[in-house]
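Coming up is one lone chain in structure tokens, specifically the form predicted on its own.
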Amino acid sequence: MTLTLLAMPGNEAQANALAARLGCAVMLPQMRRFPDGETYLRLEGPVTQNAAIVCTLDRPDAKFLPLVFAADTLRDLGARRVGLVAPYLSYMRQDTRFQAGEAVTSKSFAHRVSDSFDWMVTVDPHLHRYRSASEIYSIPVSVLHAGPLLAQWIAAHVNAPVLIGPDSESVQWVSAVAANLNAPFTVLEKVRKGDREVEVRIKDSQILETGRQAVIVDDILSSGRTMLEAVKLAKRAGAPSPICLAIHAVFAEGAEQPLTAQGARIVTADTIAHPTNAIAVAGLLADAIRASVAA
């Protein structure tokens, strides 16, 4: 494929995995900070008419301006279409105005991305109140689903699993994975008492008393508080030390330590580089990139 594939800092491994599947080279930007904090960016090498930037968007505030500069520079150097490969898509949390005067940042962020790119590929964005990404993005967005990959990992590594969704929002993830495995599942009830304080309850605790291996499945592991309470509940119900399985390893600082202290094993997809990564999404991404470039 004739494609300029640019890897923003921290995305080199994912970009190399994609390049091996797409048959293209990886361009690495020269970047540094001026003493006043502004970004210096330089691209070296030929730029084709089709270009894509690989940049997962956890901790997005520091990443976004350099990302926009890179997209603009690719166009200046000859690219006619520039796509964004964002395995993790940020700013999906604030999808409505919960209190007067709040910024609906999901819409603002979508507008900025749509202004800078011609298409986007992402994995399991947290579409809660939006039915699809097209409600806020004005460019074509390929939304990929890692559920089958999670199911494949469980099938290969876990005997007799029982799947647990840590809250009602996780039902779409856990039910899809359970269906792929033909495995039983349950979804917990969550009561959030603050950004870092939650309580979870279960209606059918007997499902955890069968001796099956508990696998707690969610799309995002961020603060880890909900997952931690789910681990504690599963252990109180007599389940063996659970496996915590998530797509996006956001992980606020220190979030994984309480989980491992409870004896839980953490497994994530590699949408965000993290030591817990065990499930590769490059195959999904590469197919979607080919389709987006050809469109």
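Just so we're clear, the structure is a prediction, and the values are computed from it rather than from any experiment. Just count from 1 along the sequence shown to find any residue number.
The discussion below concerns the form predicted together with another copy of the chain, not included here.
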| property | result |
| --- | --- |
| Candidate stretches 159-167, 175-183, 79-87, 110-118, one within 4.5 Å of another copy of the chain in the predicted bound form by heavy atom | 110-118 |
| Leu65, Ala261, Ala237, Leu28 - the one with a heavy atom within 4.5 Å of another copy of the chain in the predicted bound form | Leu65 |
| Partner proximity in the predicted bound form: Arg59 to another copy of the chain, non-hydrogen atom cutoff 4.5 Å | yes |
| Residue contact check: Asp72 to another copy of the chain in the predicted bound form, 4.5 Å heavy atom | yes |
| 4.5 Å heavy atom contact, Arg265 and another copy of the chain in the predicted bound form | no |
| Exercise: Thr105 in contact with another copy of the chain in the predicted bound form, heavy atom 4.5 Å | yes |
| Residues in 34-67 close to another copy of the chain in the predicted bound form, defined by a heavy atom within 4.5 Å, in order | Phe34, Pro35, Asp36, Gly37, Glu38, Thr39, Tyr40, Leu41, Arg42, Leu43, Arg59, Pro60, Asp61, Ala62, Phe64, Leu65, Pro66 |
